[in-house]
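Below, in structure tokens: the form predicted alone, a single chain.
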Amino acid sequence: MKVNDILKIEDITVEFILDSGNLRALNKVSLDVKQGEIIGLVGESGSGKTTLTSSILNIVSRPGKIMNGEIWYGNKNILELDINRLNQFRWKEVSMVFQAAQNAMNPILTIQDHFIETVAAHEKNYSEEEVANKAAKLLGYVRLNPERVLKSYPHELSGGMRQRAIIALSLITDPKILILDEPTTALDVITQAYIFEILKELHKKLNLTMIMSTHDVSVVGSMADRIAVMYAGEIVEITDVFTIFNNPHHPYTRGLIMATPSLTDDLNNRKAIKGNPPNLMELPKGCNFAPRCEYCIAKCLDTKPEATMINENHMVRCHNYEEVIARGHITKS
């Protein structure tokens, strides 16, 4: 691992073992996460974002299985930890806010009880009073009234309030990394913006490393330092957020940006990516994106593209990326 890396994912492959065959959800995915950064994972539904974030905690749902690869946190390969050490790693070192997590709260427990049970599962040296005091502080960070919220049951809070309570709950054991899987799904755009503003404050205040997955590239663009673009179980491009939005090198990345609407832009300039993502059990012989790609050349149909390093911080997986660059920078208001 590099000196400033906090997490290193190496060649992770995940397959779902089905009666009809094996579905490869991740194909040799590698990703370095730097201390204190916010990294965004973007891509359409089924691109592998949730499978990747679940792999970090070794909680891939059955019948999924991590077939090979390594995930390093410091000098520990997470995939080699026994169940006791793995349970300590989860939530204490890395915590996760799951997609629509607010709906997973126990309806018969108060918010305070959720905090107490979470700490009891990972820390044995805290009294309920100490947990309640810390919970109150964290709820204040996410702009909730602790006096009211701690006594409330989940159904007594709005969706946005429950989501903020879940974010506070994810921080109760002082994790170093916070994973957010579609953290604002099913929330209105005003509440989404409010939650992202809070997350920015938490990142600055607590020096948290964040990994955020979303299908909406414009959402993560307002927060991330770097963006990893995923397609059909692979990272096809990764670089800083400025380059992703202004000079993408992969046709799929460019397609995502060009499909994103803007209130200040002519909608006639926006266009959807043609076609549909591939069946992961019947992937193309060559590039996975080739059937949908306007830059496709003969080589794309027969040969899988390897990762090409444009520079130390920019990787792209495309045979014809120079033609994408030649198309020019994207300018969006």
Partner chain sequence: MMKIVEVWVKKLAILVATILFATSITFFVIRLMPGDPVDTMAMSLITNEGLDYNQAYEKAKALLNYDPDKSFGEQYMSYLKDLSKLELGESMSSKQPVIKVIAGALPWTLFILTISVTIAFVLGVLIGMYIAWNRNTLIDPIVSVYASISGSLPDYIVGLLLVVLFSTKLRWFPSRGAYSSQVTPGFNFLFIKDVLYHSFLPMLTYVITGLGSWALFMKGSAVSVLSEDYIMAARARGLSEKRIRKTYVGRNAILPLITSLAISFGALFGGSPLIENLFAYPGVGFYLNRAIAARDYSLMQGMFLMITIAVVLANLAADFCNILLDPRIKDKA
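Please read these numbers as outputs of a predicted model, since none were measured by experiment. Residue numbers count along the first chain shown, from 1.
Another form, the form predicted in complex with the partner chain, is not on view; read the next lines as being about it.
Although the partner is absent from the chain shown here, 59, 114 and 121 each have a heavy atom within 4.5 Å of the partner chain in the predicted complex. A heavy atom within 4.5 Å of the partner chain in the predicted complex is found for one listed residue only; from 109, 258, 186, 136, this is 109. Screening 247, 191, 77, 87 for any heavy atom within 4.5 Å of the partner chain in the predicted complex leaves a single hit, 87. In the predicted complex, the partner chain sits within 4.5 Å of a heavy atom of residue 103. Although the partner is absent from this view, residue 223 stays clear of the partner chain in the predicted complex, with no non-hydrogen atom inside 4.5 angstroms. Using a 4.5 Å cutoff between non-hydrogen atoms, residue 128 does not count as a contact of the partner chain in the predicted complex. Proximity of residue 144 to the partner chain in the predicted complex: non-hydrogen atoms within 4.5 Å are absent; the residue sits far from the partner. Residues within 4.5 angstroms of the partner chain in the predicted complex, judged by any non-hydrogen atom, belong to 154-162 and to none of the other stretches in 210-218, 154-162, 250-258, 229-237. The single residue of 165-188 lying near the partner chain in the predicted complex is 169, the criterion being any heavy atom within 4.5 Å.
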